[in-house]
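The chain below stands alone and is given as C-alpha cells, in the form predicted alone.
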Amino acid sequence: MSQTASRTPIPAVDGWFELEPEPALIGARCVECSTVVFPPPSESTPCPNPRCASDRFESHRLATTGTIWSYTDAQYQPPPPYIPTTDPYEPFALAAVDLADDGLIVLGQVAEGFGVDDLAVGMQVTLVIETLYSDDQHDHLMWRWRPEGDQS
C-alpha cells in the first residue's frame, strides 16, 4: 500500500464543510428571520440581520453551485490553515462566488489547474473538495470553486 493510500482525508477547517452525502459548505440559518450566514457562528453570536435580535441558528447546507461575483490572484501567502505546498510560494486564484439561493457571497480558492485567466465575472462554478496539504497521516481537505463545463 502506498503512503498516499494510507492517509485519512479530513477537513482542514472543522465544521465549515462536509464530505457526505455530497460535499457542501455548512452555514447556519437564523431560526427567527431565516438569514443565512457562513461560516457557522459560534454560540451566542447575534444574527447579522439588523432587524433581528435572535442568536439561535440551525445548520444549513449551502448551494454547491454559484456565479463568480469577483476574482483575483493571491499574490500574498495566506495565514493558516493554509500551508504552502511550494517553496517559494506560488500565487493562486481566489473567487468570490454568489450563492443566490442562500443570499451569500463566499470566498474560496479556485480549483487546481485554474488561474485568473480562466475566470470571468458571471461564470458558473461548482464546489469541489481538494487536498490543501498532506502530512504523514492525513490529507487536509478544503473547498474550492471549479469553473463549470470543464472536465479536468
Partner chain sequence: MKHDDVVIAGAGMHPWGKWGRHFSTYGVAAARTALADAGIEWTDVDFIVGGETVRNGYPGYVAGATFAQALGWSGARVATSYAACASGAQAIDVARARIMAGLSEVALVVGADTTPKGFLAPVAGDRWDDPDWLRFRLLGATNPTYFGLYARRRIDLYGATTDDFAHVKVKNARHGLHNPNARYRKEVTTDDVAASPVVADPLRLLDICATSDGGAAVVLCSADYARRLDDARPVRVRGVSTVTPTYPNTVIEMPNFATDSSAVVTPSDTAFRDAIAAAAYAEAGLGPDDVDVAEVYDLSTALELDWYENLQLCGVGEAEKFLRDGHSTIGGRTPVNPSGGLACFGEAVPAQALAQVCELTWQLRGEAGDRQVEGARVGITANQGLFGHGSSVILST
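Since the model is a prediction, treat every value here as computed from it, not as a measurement. Residue numbers count along the first chain shown, from 1.
Keep in mind that the form predicted in complex with the partner chain is missing from the display, and what follows is about it.
Asker: Are any of the heavy atoms in G103 no more than 4.5 Å from a heavy atom of the partner chain in the predicted complex?
Answerer: Looking in the predicted complex, residue contacts with the partner chain include G103, since a heavy atom lies within 4.5 Å.
Asker: Is V116 one of the residues lying within 4.5 Å of the partner chain in the predicted complex, judged by heavy atom distances?
Answerer: Taking the distances in the predicted complex, the answer for V116 is yes, it comes within 4.5 Å of the partner chain.
Asker: Would you check, heavy atoms only and a 4.5 Å threshold, whether Q124 touches the partner chain in the predicted complex?
Answerer: No, no contact at 4.5 Å.
Asker: So in the predicted complex, does T64 come within 4.5 Å of the partner chain, heavy atom to heavy atom?
Answerer: Judged by the heavy-atom cut-off of 4.5 Å, T64 is well away from the partner chain in the predicted complex.
Asker: What residues in 31 to 61 sit within 4.5 Å of the partner chain in the predicted complex, counting heavy atoms only?
Answerer: If the 4.5 Å heavy-atom criterion is applied to the partner chain in the predicted complex, 31 to 61 yields C33, S34, T35, V36, F38, P39, P48, N49, P50.
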